[in-house]
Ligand SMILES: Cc1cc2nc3c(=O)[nH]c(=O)nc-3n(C[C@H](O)[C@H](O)[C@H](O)COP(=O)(O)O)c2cc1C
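What follows is a single chain, given as structure tokens, in the form predicted alone.
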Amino acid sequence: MKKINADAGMIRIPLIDGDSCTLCGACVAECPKRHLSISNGAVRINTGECMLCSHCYCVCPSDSISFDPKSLRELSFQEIKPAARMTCGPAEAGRIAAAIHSRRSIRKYGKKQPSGKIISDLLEIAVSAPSGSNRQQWEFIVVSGREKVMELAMKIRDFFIAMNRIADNPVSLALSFLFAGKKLFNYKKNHIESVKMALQEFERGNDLLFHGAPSLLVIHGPIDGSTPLEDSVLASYNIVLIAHSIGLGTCYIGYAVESINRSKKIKRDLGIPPGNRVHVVLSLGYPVKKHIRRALRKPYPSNWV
């Protein structure tokens, strides 16, 4: 197969098979960066950097477009078996809506550990999420095993003990205003009592932070880019929905996000680079109880203009 427009020194470009290309123009019309054009009887790659969205590959009817595997690859699943093609229609939409509506945050897990293959599949599906400018700069940490989960919980416990000590000291609280603004004041007003209660329960052997989960998923990444937080949240919700569909439960752990980001030691222990920020911490495991009906929701405002 003859490849044209392939520069060995530039792997961030589509590789186009000139023998099978029909010059239909689908790739040219689809490219969000106007990176492709047709001239002199061939698809040409214009100047500029390809964002590796692979839309050209997705729409090519003659299967004439590929990418260097160092730049892009097919997702690989071990336990979950995605259908070859997405079927559309009311029935499929109903199944998706049922999965979304029936998902709940799980705060009580059994001891069974999700397999490594299942967790790997969840990470694969996570990176199917959209990201700002297709940056895909999310990074994942898997905390696997109840013992390791509790090791992290102990470090977070120590962080909040130190935080409460500062917040309960009037002098330290006043001085913190000079460096952190109202953050510590707001913590003392809105969260310190619930944190103290959780710490007391922790000493009694009750895990109110990770809810007895046997695994955790931590999603972090650089703070630059257009939407780093949103990118990680979208990736995490792919995990949440697929996990629910195969009988696993998840819960977003906001206290863990805050403490890890504020503790250089915890970040270092987890192997998170100093320039990265944790955006999501998910507990993961098998729910103790099964919800038998869908949750009710609050009324919401809606303004159509």
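Please read all numbers here as calculations on a predicted model, not as lab measurements. In this text, residue numbers run from 1 along the sequence as written.
Form predicted together with the named molecule: not shown, discussed below.
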Quick check on Arg146: any heavy atom within 4.5 Å of the named molecule in the predicted complex? no
At 4.5 Å between heavy atoms, is Gly254 in contact with the named molecule in the predicted complex? yes
So in the predicted complex, does Lys290 come within 4.5 Å of the named molecule, heavy atom to heavy atom? no
Considering non-hydrogen atoms and a 4.5 Å limit, does the named molecule approach Ser120 in the predicted complex? no
Check all three, Lys70, Gln136 and His220, heavy atom within 4.5 Å of the named molecule in the predicted complex: no
Sole residue of Asn164, Thr227, Ser105, Gln113 within 4.5 Å of the named molecule in the predicted complex, by heavy atom: Ser105
Among 105-113, 149-157, 71-79, 185-193, mark the stretch whose residues have heavy atoms within 4.5 Å of the named molecule in the predicted complex. 105-113
Suppose contact means any heavy atom within 4.5 Å; which members of 196-226 contact the named molecule in the predicted complex? His211
